[in-house]
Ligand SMILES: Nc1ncnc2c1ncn2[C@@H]1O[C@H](COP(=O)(O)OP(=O)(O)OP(=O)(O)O)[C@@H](O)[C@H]1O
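In the block that follows, a single chain appears as structure tokens, in the form predicted alone.
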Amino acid sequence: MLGARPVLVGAVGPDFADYREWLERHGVDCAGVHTSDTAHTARFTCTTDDAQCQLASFYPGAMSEAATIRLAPLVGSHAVGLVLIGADDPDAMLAHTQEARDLGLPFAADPSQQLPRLDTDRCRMLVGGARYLFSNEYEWELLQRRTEWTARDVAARVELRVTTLGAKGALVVDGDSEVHVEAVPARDVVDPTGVGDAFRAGFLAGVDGGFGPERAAQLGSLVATLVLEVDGPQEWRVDPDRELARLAECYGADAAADLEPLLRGAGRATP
């Protein structure tokens, strides 16, 4: 949606065909998708109350086969600049993190919902050496308990930590330097599902577009708010004039001017 062309890596079931078509129509390369012969695609069922608190259940299904996917063939056929290790089968997360290291590829760590399933050694394996570490405020506290590392320990092992703070925005930590980025105010809070992923997508699209961490986080905050304002995590759209006005109001004219080429390109590319 922001003009980047990600390559999806994951395991799915034979029920995935319609969604594959939707993803490819929106510019997602599915070359790294493995289709299981025996299990359906993983399913996340979520109930959200009026306070935006959520209760979720999960069926892993074909996700359990994701560890069989190798990154090396994709690196050979695509211009891969960064590997994002998001929540997946824990064995797959570990395998893909190590393969990224072996291939000399920078990686971003976002263990999120899988943190409760990880012991100390596995959690350290997923985090150590990451170029970017993403989490929300709760996950950041849990990650410190799981790794038994302090904030200073983590800072010594990752290049950049980005912790989202809900309505309070996001914190970008680079060594001893911290930058707080305010959230873009929501005009209507509809559904929080996928807001964290939306922030991450905006941040990485900003980095891919050549912006520094603060501008990337501002773009991430905008995209997170766009998702928060619609029913469903993939129903948002880019209206460049509207988004640029919101950026200028929240972060100033310079931020809007810097991000304008990316957002106008995204507006033209929106299906």
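Predicted model, so just to flag it, every value in this text is computed and none were measured. Note that residue numbering follows the sequence shown and begins at 1.
From this point on, the text means the form predicted in complex with this ligand, which you will not see here.
- This chain is drawn without this ligand; in the model of the complex, the residue among Val154, Ala92, Ala183, Ala130 with a heavy atom within 4.5 Å of it is Ala183.
- Interface residue among Gln98, Gln144, Gln114, Asn136, judged by heavy atoms within 4.5 Å of this ligand in the model of the complex: Asn136.
- Interface membership of Ser57, defined by any non-hydrogen atom within 4.5 Å of this ligand in the model of the complex, is ruled out.
- Proximity of Cys123 to this ligand in the model of the complex: non-hydrogen atoms within 4.5 Å are absent; the residue sits far from the partner.
- In the model of the complex, at least one heavy atom of Ala167 sits within 4.5 Å of this ligand.
- Though the partner is left out of this view, Pro192 does reach within 4.5 Å of this ligand in the model of the complex, counting heavy atoms only.
- Comparing 195 to 203, 115 to 123, 82 to 90, 68 to 76 against this ligand in the model of the complex, the single stretch with non-hydrogen atoms within 4.5 angstroms of it is 195 to 203.
- Along 222 to 237, a non-hydrogen atom within 4.5 Å of this ligand in the model of the complex is carried by Ala224, Thr225, Leu228, in order along the sequence.
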